[in-house]
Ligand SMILES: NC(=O)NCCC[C@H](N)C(=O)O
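Next up: a single chain in structure tokens, the form predicted alone.
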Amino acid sequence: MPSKKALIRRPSPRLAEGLVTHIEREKVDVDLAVEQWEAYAEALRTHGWETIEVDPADDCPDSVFVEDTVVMYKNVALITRPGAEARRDETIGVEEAVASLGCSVNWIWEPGTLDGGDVLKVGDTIYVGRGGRTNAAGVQQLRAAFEPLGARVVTVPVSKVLHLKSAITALPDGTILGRIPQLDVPSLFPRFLPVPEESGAHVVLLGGGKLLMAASAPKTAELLADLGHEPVPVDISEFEKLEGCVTCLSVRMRELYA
């Protein structure tokens, strides 16, 4: 069985100061967030993932959302240049972590910006959201890094949510899950399954038909169970207050070891 590794990063004590762009700010319980993060990490381990903790970045409120700092494709780690300037120091520890795992490391350079939350991989197709946090130069640099490795890059306009993966993720067969009102151009996706809850648009593929998803989407969990999947719910309510979702909290690295 291929080894599966997931990068995670402990929440900063300043988590409650994290950026909010498309929703109203709510009070974040940092102690509860740490408990939820630990339960999330345990859910990964329970389903066969080795978790690798990136060194904490306590001065970076959003650093728990480690997915935004690096995009993996095959054995290449593309270190991002986050669209929010306040988040750019988050990449330092992540670069060290992926290099220690033997990845080939590339970077997004100025004037490019790219957030990992704007990148959805479905097989060798890489959808990249062009919106508030990812610019055209960032998309071009991602193409240059991954197309020579066999990727097909599809750019998706994003204006209604923070990141592309705030609106969609994909099931193991490539079907896209999402909410039509949150998408600029739903027709870009060949197979699309609307879900009844906003947080239901986010799943992490654990393997074996199991889907890690937010406990705040019980109707979607029921729908997916009816389709033969096995939902694994986790409570991430404190991260949802900061526009976070289950995909944001880890970087899954199965490609390296497949």
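Start at 1 and count along the sequence shown; that's the residue number. Since this is a predicted model, take the numbers as computed values, not measurements.
Below: the form predicted in complex with the ligand, not depicted.
Engineer: Given that the partner is absent here, does Arg130 sit within 4.5 Å of the ligand in the predicted complex, heavy atoms only?
Structural biologist: So Arg130 does not count as contacting the ligand.
Engineer: Tell me, yes or no, whether Val71 is in contact with the ligand in the predicted complex, where a contact means a heavy atom of each within 4.5 Å.
Structural biologist: Heavy-atom contact with the ligand at 4.5 Å: absent for Val71.
Engineer: Indicate whether Leu242 is a 4.5 Å heavy atom neighbour of the ligand in the predicted complex.
Structural biologist: Output for Leu242 is yes: heavy atoms within 4.5 Å of the ligand.
Engineer: Please run the contact check for Leu162 against the ligand in the predicted complex: heavy atoms, 4.5 angstroms, yes or no?
Structural biologist: It does: once the ligand is placed as it appears in the predicted complex, Leu162 has a heavy atom within 4.5 Å of it.
Engineer: Name the stretch: of 204 to 212, 227 to 235, 190 to 198, 58 to 66, exactly one has residues whose heavy atoms fall within 4.5 Å of the ligand in the predicted complex.
Structural biologist: After filtering at 4.5 Å, what remains is 58 to 66.
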